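Heads up, the chain below is alone and in the form predicted on its own; it's given as structure tokens.
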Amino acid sequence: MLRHRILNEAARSKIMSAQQAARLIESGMTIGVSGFATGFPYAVLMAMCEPGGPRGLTVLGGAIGSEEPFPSMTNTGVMTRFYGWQRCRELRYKLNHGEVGFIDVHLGQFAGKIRKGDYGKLDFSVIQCMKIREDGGLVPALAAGIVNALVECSEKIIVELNTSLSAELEGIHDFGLNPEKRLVSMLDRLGDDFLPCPPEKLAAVVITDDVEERLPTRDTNEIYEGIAASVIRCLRRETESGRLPKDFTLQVGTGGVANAVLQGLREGGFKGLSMFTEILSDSALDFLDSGVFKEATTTALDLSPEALDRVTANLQTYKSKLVIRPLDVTNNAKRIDDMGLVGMNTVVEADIYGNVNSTHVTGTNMISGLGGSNDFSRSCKLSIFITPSTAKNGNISCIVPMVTHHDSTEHDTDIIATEYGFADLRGKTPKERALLIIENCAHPDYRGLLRDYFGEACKATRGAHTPHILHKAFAFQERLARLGTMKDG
């Protein structure tokens, strides 16, 4: 088994336990971690959390979740500074209480910043792989993320070889960057399907057979289905008018709204689309099978064991339909432009002029991070931001006079969609945008308040380009802080 997995003799001589590998890392170091929603080196990271393990590490990761090992790394003090995107409850609590440093980054620029040395020396990276080639090249697990930059820039590499993944999956990756080559198809190859790794970099090889825990995907509901219906109406209008080809390329995440949109595409008769995205989940795999999508590029296959078994049993078919690429391809402005992409991303709140807040509660508390939403919205053919019209049982309006934190500006927003409809902001002045968003996207309970604010702002500023009354611009959020609701009276 090991000779089939580890073809390089020098690598076989570095086999050790997770605890032995963890002891190679010293407190205060900066380390990289492979994975993007999946593909994390569980055994070595959990071994770090044991008594006597390293503490106070700065960790660079693509997108981490609430699954172990990250809660334990946060709670034990192994990780006290993190760069990337996160959805870890424990980390979120500590970073919003000043106990852990967090730096939010554009995921499409992350690898480039690592290569430039923006985060200092990278002492170690811990990489989950499914094979080590005869020449020492690494075949990573099913998440590319920033793994290419980590292998390039780390002083030392610890490989966690996961034998639960079929070695036959080799060939599903493409790690080429080749800025001269235009991507015409998802399946175009830009380079190698492995990562070169000089033998002197390899510090340890740890053998595991862990099957990763997966958090359940949020179910769809009536509101999500309403948002999806708004998005589908928008896309149908675009294709019927000829502004968007019928076989367009879509970027969409995971979760209830995304699933509802994908279901709406199938029910609406859309066929032969392409997917260019960060995460491909079970539901997206189903739509690839059904022909809604003909091909896909993703930076991670976040699949249940059952779906992964399906891929493994039909490898040649899936290798002809999908490619796993690093973030500096999937989130690269040139590649997004090549694809003529429709980008769909969620927001916390949007204001009446089209600015959006994707990351913060009332402008102060971080939720997860920016992720790739800016990468897509700035470079795609059609930028769609989606949100329910309200939150917290209707006590919060997700359409407000002014957002409390800017992640994407009005200049990168083409469409805002809620369960009540969509507002097409292209070619519209700020005041025209305000009227469209209020009437088409806001919840009926808040339209009157928004109309009142906008009308008063127009009068007070005597028709200014972007009317605002600064001492009232955050009245919705201030009312929420005082009364627990944004409703007036």
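If you're wondering where the values come from, they're calculated on a predicted model, not measured in any experiment. Residue indices: 1-based, along the sequence shown.
The form predicted in complex with another copy of the chain exists for this protein as well; it is not shown, and the discussion that follows is about that form.
From the list 288 to 296, 246 to 254, 172 to 180, 225 to 233, the contact stretch for another copy of the chain in the predicted complex under a 4.5 Å heavy atom rule is 172 to 180.
Among heavy atoms of residue 136, none comes within 4.5 Å of another copy of the chain in the predicted complex. Taking the partner from the other structure, another copy of the chain in the predicted complex has a heavy atom within 4.5 Å of a heavy atom of residue 430. At least one heavy atom of residue 404 is located within 4.5 Å of another copy of the chain in the predicted complex. Using a 4.5 angstroms limit between non-hydrogen atoms, residue 157 is distant from another copy of the chain in the predicted complex. Taken together, the three residues 109, 380 and 477 all come within 4.5 Å of another copy of the chain in the predicted complex, as judged by their closest heavy atom. Interface residue among 268, 394, 272, 101, judged by heavy atoms within 4.5 Å of another copy of the chain in the predicted complex: 101. A single residue from the set 305, 196, 199, 117 has any heavy atom within 4.5 angstroms of another copy of the chain in the predicted complex; that residue is 117. Contact residues in stretch 307 to 336 (any heavy atom within 4.5 Å of another copy of the chain, taken in the predicted complex) are 333, 334.
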